[in-house]
Structures are given as structure tokens and as C-alpha cells.
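This document starts with two versions of one protein chain, written out as C-alpha cells and named structure 1 and structure 2.
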Structure 1
């Protein structure tokens, strides 16, 4: 049992949901989530959406080079984040997991610094935008190569099992990752070793432009869990409470030493794959419109309002708070300036090797290495 909640059964035909599209509670059990967390989930979802929108604006202004929008994925990412213990669990995200990282405590100003490669960026401007990571929060730095982070996530989980502290690793990815050999090898190893891992697939139906039906002979991702000896769950990924409850169940199962789980969350990305993508070439407009009518933020606000936990005044206050936070982050990063070009030579070696010293000296002939980069 999870509180007063009966456990969800794996491999169900219909996606698991707790609230319907109109925000009505439809689960066969009572909600045991405290009011503060229910409100926090909404705050995190709206905060992530507004920050996502600002990043797109900054990209059009030439201040951010790359944006992988998470709009439409917020319910799954926020729900999963609230099911973890950020003081002990490890998270291996992918490039669309900005909402997940923010909900785990990644400071918004630091997230913007990573996107803009400002002097405030702990990665010192040397990581591609939309690649969250935080040693303090146990968030493994995102890798660009699809599914390449899944084997290290299994390694992390196996180390946690050997340590015997009951810690868990959550590994998140898109449906395209499930077409990679790394993904299958990693899940096979996790199942064989009973690794305390939770694999979270955010299936938005497209690996860039390739529809899921062209990626796999399986009807869904969760079915693949059969082959690796773990339970597989299909979840309505536009329902944050369903994402929370199922992830919480999988996390508790892993803590109890019962091994890994695979969760397939059915979501939709409202924007293109990235700012370099024209999604109108492969997605019909009516499909996008239909999913927009299921917006997870609107849906969850209806749920809160129906329970008397939210109103227009609370919405206005939260919107103003989020706008002020984002505005402050934009000003701070703009004032700090871009990471200097010379920083690319730092931190890798205790003593810079001769060939890199030569490259640095040659670059210094034409550039001020300590001046803000471009």
C-alpha cells in the first residue's frame, strides 16, 4: 500500500489516470497528498511553462541559441520530481527535462545561465543549452547523444544497491531513446541485476519527425518491460497526480529492493522538437489542437479549483511572483556577461598540456580571452 492507495497494476490496457480532462477525481481511492504539495505541483508546472515561454522569446532575440521546449510535458516531469527525495536520489534527465530539474530545486537563474552561457553558469559556458545538470542536486549532466545516459543511470542504481542505503535512480528519456541499442542493453542489465531504478519514458509520439508507429513493432513502450523482468506502466502523462502516484509506487518498490520499473507517460510537445525544427511538415494541425485542449496546466487548475484550493487571486499572485523571478534572472545573467572564451581551457587538466597552451597562445593573438564571449 502507498498510504491509503492500492497499488497500480502493471501492463494495463488503458493509461492510468487520477484526474480526468476536466479536472475531476476519477481514481478509486481518496487523495492522500497534502494541500501544500498539491499547490506546489501547480506552482512548479506554471513556473516551468512561463520560463519555457521566456526562453523561446530570448531565442528569437538572439540571446539563446537552442531551445527544446517542454510545454506539454510539465505534468509528467513535475509529478515525477515530487515523487523523488532530492536529498538522496539521483536523476538522469534528457534535454527536454527542464521542468523536472527546476522542480527538483535547480535554481531558475542557474538554469538561465546554462541556457545563455553567462558568467553565472556553473558549467562555465561549455555545455550545450537545454542540458541541465547539478552535482548538488544529484542531477547527472544531460548528454546530447540519445539514450547514452541510460547505461550510466543503471550503473548509478547498481552502485546504490551495493551501498545498501535504499537510494534510487530515476532515468528519463523520450520515445526515440527506446529505439537505441544503449536503451535495451541498459534495461536488460537493470532487470538482471535488480537495480533500484525507475525508467521514465515521456512518449510524445515523435522522435523528432518519426512517429512512434514507425519506430517499433510494439503497440507501446511499457510492453517492452516484459522482456527485462520488470513491471511496465502506461500513464496519462497529462495528469500530474497520475505521474506522481505511479512514480512514487515505482520509487518505493525500488527502495524495498524489488528492482526496476518502466513507466511510459503519454504526453505531447506543443512546440517543435527544437527551435530548428518545422513540426508543421509532419504533424497535422488538428492533432496539435486536440492535444492543446488537454493542456495539463489548465486541467490541473480545474482540479484545484474544484477542491477549493485555488482561485483567481491565487493565480494572479503566482503569475506575478513567477514573472518577477524570471525578470530578475534575465537581468542578473545579462549583467554578468557571457562566459569568456578563455574559460574553455580551464578545469580539465591540473596543468595545461603543451599542445593546449599553444592553442591558447595562438587564440590570444586575435582574441581577448577574458572578455565576454560571443
Structure 2
């Protein structure tokens, strides 16, 4: 509900759209997003795409060990991020949510430090690349284990409900995640508790090589919401404004105490699952090309231009700003060194127990604990 107007009905036939492939407004209501936010959505998409591209370059140069590209998912991630109140809500992301985390305010320099496990990473280089998280921003640190974050996200929403301040939790995952038992247990609990949670499924049609029709006998993901007593919405995930408006409705609903929602955003990952994958083995090149032609950045730029909110000068200035930001971050990070060997023993517990102290001393017999990890 937006201002007590419910704009979107759940379980609709066609995916919800606000702008069409050519960037024309097609929704039956007027745009009420302020101009600054409309431009910020574009900036966030372009910035995420450029950073994603740079990470792939760094991966090819051997400076980043792994990349799970979000290219093709930006509209959904960034539209959803803009529907949250980043000063109070919580987010439980998965590994492909770099664009989401950046749009929520995760500093790009910190994101880069995470990808490279540098000494500048506030999470102390503990995880492989593509694992966003920020305690300061209430972005729950990503775990690789698919769907393992969904039950904790429901607990977060239950805590918010008990606190009674109207805060919400957004939990994001891929279509593959919807097959795990933890996913079903979590949605069931959220429904039973009326927890203020928004479940965001980024359905890119594949879980690595497994096409959605082999993932589930359901026609789509949104329909699964029926079983758990919550509304399910299918959204054109290449439309940032559709992602924004539908997430906003789900967030408002949760804030008002009306319980959880499930959003299925139809997206596509342009690249392979990760740099280790070979997507030519399981999907046709023309399918990839067809989706790329619907690129959300191009489409949304057309929309902004149509409203007189964007032009070539703005584009050039933004591109230069983004390049400078990324270049600066890469330069600063390159000199920072990697998380040192000794850090391996910290944070297992709040305090270092005696057996770990002994093991650390043992490693020091053969290794310099101050040395960069490798």
C-alpha cells in the first residue's frame, strides 16, 4: 500500500512493469519519485555495472580470485534498495547482491577490500570475494551456503516486530534457493508469525546450469507465496521502477503490521554463473543476446531522457566520476596488503581460548604471523 492505495495485486498473470522496454511509463499511476532519487537509481546502476566490469578485469589479472557478476540483475537490486530505509531496515543478501549492497551505502572501497581480502576490509578478509556484508549498515554478512540466511532473516523480522518500531527485513536470494528446506521453513515461519519480512527472489532462470522448470514443478516462484499465506508478486526485474514500486508496497505492508511478502523479479545473468563456469554448456547464446538487448541501464536512461532528466553531458560527468572513484579505490587497496596470517585466529570466539592461543603459537614457529595471507 502506498498512501493507503494498493497499486499492485498479487499473483497476476503478467509480470508487473512500470516502464516498458523502450523506457516509456506504462503504469496506471503517476510517478511520485523525487527527481534526485530517479537520477540516483541510474547512477547506482551504472556504478554497479562499471565496478562489476572492473572486478572481472581484476579477476583476469589474478588480483581477485572469484567473480559472481550481478550484470543483468542491477535493476532489481537497486530498485529494491531504494524502497528500503537504509537508516533503519535490515538486509540479508546473497552472493550476487553487490549492486544491492552498494546501493544501500556499502562504500565501494570497502566492497573492493572484501573482494581482495585486504587489510582494509572491515570483515578482516575472512571471506572469498562476492560476499557482501556490513555490520554498520545492518547488511547481514553473506554466507555461501544457499538459503542458509533465510531463517535468520525471519528472526530479524520477528525481532523488529517485537521492537514495534515498524522496521523491516529484506531477504534476497536466487531461484535455486527456493528449493532448499531452509527456504520453506523460513517462509512458513514468517507467514505464521506475520513477520515484517520482504522476500526478494532474483529469478534469472538458472541455478548454475539447472533451468527453472527442473528446479520446481511450480509455474513460477511467486505462486509459492500462496502456501505460506502471503502475497506473491511477479515483477519485470529489468525494470528498476517496477522493482522499486513493488518492493515499496511490500515494505509499507510490513511496516503497517500486515506481514511478509514474496517478490519474484524476472532477471537474467549476462555472464556465466561465476568465472569458474562455462555457460555455453547449458544455455544458448541467442537467449543471452536477447536478454542483453533488454538491458535495464539502457532502458532506464531512455526513460530519464524522456523526462528531460538526463543527457549526454550528465552521462559523461557520471562516467568520469565513477571511473575516478573506482580507480582511487583500486589504487588505495593495492597498497594495503592482504589480511595477515595471525588474523586467522581472531573472532572465532569473543575471546581467544587457550587451545587457539597454543595453535597460534605453534604456527608462529614456522610462519611470520604479521606476513600477508596468500
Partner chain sequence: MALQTIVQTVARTLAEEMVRDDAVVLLGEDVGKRGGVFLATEGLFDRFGPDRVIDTPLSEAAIIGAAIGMAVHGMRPVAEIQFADYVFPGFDQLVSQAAKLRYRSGGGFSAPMVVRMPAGGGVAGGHHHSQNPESHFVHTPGLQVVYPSTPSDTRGLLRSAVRGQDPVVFMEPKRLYRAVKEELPDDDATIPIGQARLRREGDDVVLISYGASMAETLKAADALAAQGVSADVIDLRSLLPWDQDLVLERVARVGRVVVISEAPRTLSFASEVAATIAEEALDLLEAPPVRVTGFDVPYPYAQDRAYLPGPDRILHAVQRVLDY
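Definition used throughout: the rigid core is the maximal C-alpha set that superposes within 1.5 Å between two forms. Residue numbers count along the first chain shown, from 1. Just so it is clear, the model here is predicted, and its values are computed rather than measured.
Note on provenance: structure 2 matches the form predicted in complex with the partner chain.
Core-superposed comparison between structures 1 and 2: the Cα of residue 360 travels 2 Å or more. Core-superposed comparison between structures 1 and 2: the Cα of residue 348 travels 2 Å or more.
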